[in-house]
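Here we start with a single chain on its own, the form predicted on its own, put down as structure tokens.
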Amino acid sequence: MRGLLAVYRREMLLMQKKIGKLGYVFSSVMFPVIYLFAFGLGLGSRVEVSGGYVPFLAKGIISLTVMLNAFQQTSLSVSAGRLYQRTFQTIILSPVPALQIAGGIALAGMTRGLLVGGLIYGVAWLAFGVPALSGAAVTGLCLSAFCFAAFGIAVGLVIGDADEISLVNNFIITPMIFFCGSFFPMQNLPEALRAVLAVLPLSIANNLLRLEAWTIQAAGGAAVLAAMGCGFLWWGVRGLKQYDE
């Protein structure tokens, strides 16, 4: 555990330096805030959703914010450390087991995602009066942050240059943003497409985020997210053990 905490602390120190720059926080929250106000003010009274469209939208944007920050910051941290800064090799050469290295990086990615997601929730609460999140919703956010942070480790270890992250963003992350129920209910989509989208981690996280209390559905969704996160973490651990550069 000491190795895991040491890696986590290292990642947090790097993030602390970035947070000191206004542009880092501003760029992290600007995209979701723009969508929150654009869709919330423009469509808030026109889209009929149980419980109101603005709370529905706000929870979806919180979920995708956690996803983006957990994945992108983790994948960029790993890939930039490998390819450009050449600092990642020092972690590999340290006497810390691969599982603890991956766990520390994933925990740091979770923290980044949840911090920015918390900022967006604060904006939604102040501007639109979005109610407090349920226990199922908080659990969904934490598991989603873990899942996408672990995915970021795996991607960061396999890409050959920074441009390849754009491919992942364009073909995996961006479609999930717009089709996994963050902005609009998925009920209007074709049934075959809904069946595919329902198993994606952002769809599961969005469903958990909108539940009022724990149910069998919530427990099942949480278990699936946890399994996905562990699978991605195993992928990252395997990449660390085979790392040779």
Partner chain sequence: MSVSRMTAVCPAAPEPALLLHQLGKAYGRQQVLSGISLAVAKGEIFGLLGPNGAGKTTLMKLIAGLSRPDSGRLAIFGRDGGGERAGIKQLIALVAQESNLEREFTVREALLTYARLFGIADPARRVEEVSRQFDLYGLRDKKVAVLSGGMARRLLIARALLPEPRLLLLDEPTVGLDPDVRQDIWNIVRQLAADSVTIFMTTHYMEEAEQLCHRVALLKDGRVMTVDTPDGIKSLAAAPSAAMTLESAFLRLIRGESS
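Source: prediction; values computed, not measured. Numbering follows the first chain given and starts at 1.
One more form of this protein, predicted in complex with its partner chain, exists but is not displayed; see below.
Although the partner is absent here, I159 lies well away from its partner chain in the predicted bound form, with no heavy atom inside 4.5 Å.
None of the heavy atoms of V224 is located within 4.5 Å of its partner chain in the predicted bound form. Shown alone here, L93 lies within 4.5 Å of its partner chain in the predicted bound form, counting heavy atoms only. When its partner chain is considered in the predicted bound form, N170 lies well away from it, no heavy atom lying within 4.5 Å.
Not one of T174, R194 and P201 places a heavy atom within 4.5 Å of its partner chain in the predicted bound form. Stretch 82-90 is the answer when you ask which of 82-90, 67-75, 115-123, 159-167 has residues with heavy atoms within 4.5 Å of its partner chain in the predicted bound form.
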